[in-house]
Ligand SMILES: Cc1ncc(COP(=O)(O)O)c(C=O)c1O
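A lone chain, given as structure tokens: the form predicted on its own.
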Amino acid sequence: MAALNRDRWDLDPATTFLNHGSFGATPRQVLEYQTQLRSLMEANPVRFVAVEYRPLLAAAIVRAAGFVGADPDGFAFVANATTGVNTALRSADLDPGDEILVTDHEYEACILAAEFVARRRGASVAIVPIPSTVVDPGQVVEAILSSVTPSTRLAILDHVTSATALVLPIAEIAAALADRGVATIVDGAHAPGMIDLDVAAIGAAVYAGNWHKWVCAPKGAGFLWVTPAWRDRVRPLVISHGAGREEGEQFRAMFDWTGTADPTPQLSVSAAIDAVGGMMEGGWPAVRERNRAVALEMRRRLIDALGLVPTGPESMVGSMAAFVAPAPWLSGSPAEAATGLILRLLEQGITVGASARRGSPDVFLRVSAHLHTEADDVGPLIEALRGWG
């Protein structure tokens, strides 16, 4: 499983890069396309906005929405998945006494957003405890569903957890929650490009995702998809000229223009889909399969060499694998220890993911695989960690 086309990225060849999952990495071909768009925009910004931008945006929306199984009428570009989750939360109908459900594996920024909105509405946030090491997907499903109360109105759930790198059975969970009268907002930050994604089939009220991670688009490209039943209530965080459109046209108009910004990351998503999918015979299905195989092989080597404890079974692994970091590697609070782990390895030329999660004493080490990664890249990490005790 050698790395494919590693020279297509600008990654530092002196660095062992095992943390694609945090911020992605954009191929040179896509960056060049983005530069061309910026040149077009800066040649005459007025002409670009008045004449050229909207046809480019419409084509980009159709292509991007199709890639994730969304209908374009309910699809919008946003800066990132966190913005999408915040947008949905601010638009949700919540009354005093209502409850928002999250798990303690949820991305911390989204828990904080839920707590902020809950305070403003007189609602509350219930955090479902899930072990650091999960036995099977059913354990997560049971923990979430058993935590639903008569006050639960909304759930915010990762499709792929960030710290623990677990692919959750999100469609099963969303369907069961809907049967209980609970709407689901899915934080799918890692899903596009990692998973064969069909957001409409999941059955969530809202799905937010990122293009800069596994699709490798430029930073600043995320999306928000809203089910038809929610489109008359979801509004962008910034209200601009599109809010004056007639009812029925507002969703598209409001999100397509939220004020002057650089739209080139979003307009480059199609180029990223083409570039990365074109790097392997078999296209995106082959890319996803290959990346998962590399992640699983790195996981096996880390377990065999260091005895690390993985966060879940192989069935819940996508293109990342995470482990509970042993106590001898750590010092300080979990958050401090995670940062220390990252920085200590950076000094040795190795880039990994490491983080803590809400309410847990554990710190998690995470490795990621993409087409610029090969299983042998985990070798320097293993050698660096052997002497840590």
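Residue positions are given as counts along the sequence shown, with the first one as 1. In this text, all values refer to a predicted model and were calculated from it rather than measured experimentally.
If you look for the form predicted in complex with the named molecule, you will not find it shown, but the lines that follow are about it.
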| query | According to a 4.5 angstroms non-hydrogen atom cut-off, is residue 251 in contact with the named molecule in the predicted complex? | reply | no
| query | Might residue 257 be said to contact the named molecule in the predicted complex, defining contact as any heavy atom within 4.5 Å? | reply | no
| query | Taking heavy atoms and a 4.5 Å cut-off, does residue 162 contact the named molecule in the predicted complex? | reply | yes
| request: Report whether the minimum heavy atom distance between residue 189 and the named molecule in the predicted complex is within 4.5 Å. | output: yes
| query | in the predicted complex, which of the listed residues (152, 87, 270, 80) lies with a heavy atom within 4.5 Å of the named molecule? | reply | 80
| If you check 184, 311, 266, 210 against the named molecule in the predicted complex, which one has a heavy atom within 4.5 Å? | 210
| message | Heavy atoms within 4.5 Å of the named molecule in the predicted complex: which stretch in 272-280, 235-243, 115-123, 152-160 meets that? | response | 152-160
